[in-house]
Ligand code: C5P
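One chain comes next, on its own, written out as structure tokens in the form predicted alone.
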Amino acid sequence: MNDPKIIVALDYPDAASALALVAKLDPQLCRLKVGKELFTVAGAGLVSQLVDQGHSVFLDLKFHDIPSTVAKACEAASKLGVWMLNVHASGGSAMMMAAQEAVNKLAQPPLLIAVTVLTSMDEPALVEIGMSGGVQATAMRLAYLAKRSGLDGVVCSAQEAPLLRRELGADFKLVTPGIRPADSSLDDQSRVVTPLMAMQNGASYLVIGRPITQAANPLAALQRIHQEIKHYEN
């Protein structure tokens, strides 16, 4: 498997719980996401351990600071051997270009992607911080900025993926969270996007948490999703 499309979100409060889940998964079928909670608790040591075990790690820390600070943080993260890391596009082009230059120092640099608009932000929240034009327009503007800054892609919703794919090209990575298999619990959500729908919409990678991590058999859940989207694996 050259390019697994499923990224399993290790949203756990401690390393032991995360490692217990990881031991049940097949690294040939998925990659792993380490976010702020788990990284704050377990640190770089856990990331290195996962990499040493043969896992591709997406370090989801959303760096956002002055260009030199973000560049140094991205370079340090890259040296952990991560597959992908991210920054906030709202940090601006100078910050993103500095980050990209820093990761490119490595012989095999990780993918560097940007967060455009957080899913918790709606239009009133954007207006509150001085960003007008609506969520979709803001996300598109920041995605364009990320591409012009030399980044590899963005985090986006699966609903936004068709437009971004059409406007930003086939090679630009679209990483989509909030994916739910058709047979999983909606968890009070009225709108869901299945893995297959997300891939058909133009997603490059799918971030999936509870449908796998809380399944009675996480590996079986992973395998079912893999079978659903295997046409897109390459």
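Just count from 1 along the sequence shown to find any residue number. Owing to the predicted nature of the structure, the values given are computational and were not obtained by experimental measurement.
One more form of this protein, predicted in complex with the ligand, exists but is not displayed; see below.
query: Heavy atoms within 4.5 Å of the ligand in the predicted bound form: does Ala9 have any?
result: Residue-level check for Ala9: yes, a contact with the ligand.
message: in the predicted bound form, does Leu168 come within 4.5 Å of the ligand, counting heavy atoms only?
response: Contact with the ligand, no.
field: Close approach of Pro177 to the ligand in the predicted bound form, 4.5 Å, heavy atom
entry: Flag for Pro177 set to yes.
task: Considering only heavy atoms, tell me if Met197 and the ligand come within 4.5 Å of each other in the predicted bound form.
output: No, Met197 is distant from the partner.
message: Given the stretches 37 to 45, 200 to 208, 22 to 30, 63 to 71, which is the single one in contact with the ligand in the predicted bound form, using a heavy atom cutoff of 4.5 Å?
response: Result of the contact check: 200 to 208.
field: One residue of Gln159, Ser93, Asn104, Thr119 in contact with the ligand, assessed in the predicted bound form (non-hydrogen atom, 4.5 angstroms)
entry: That would be Thr119.
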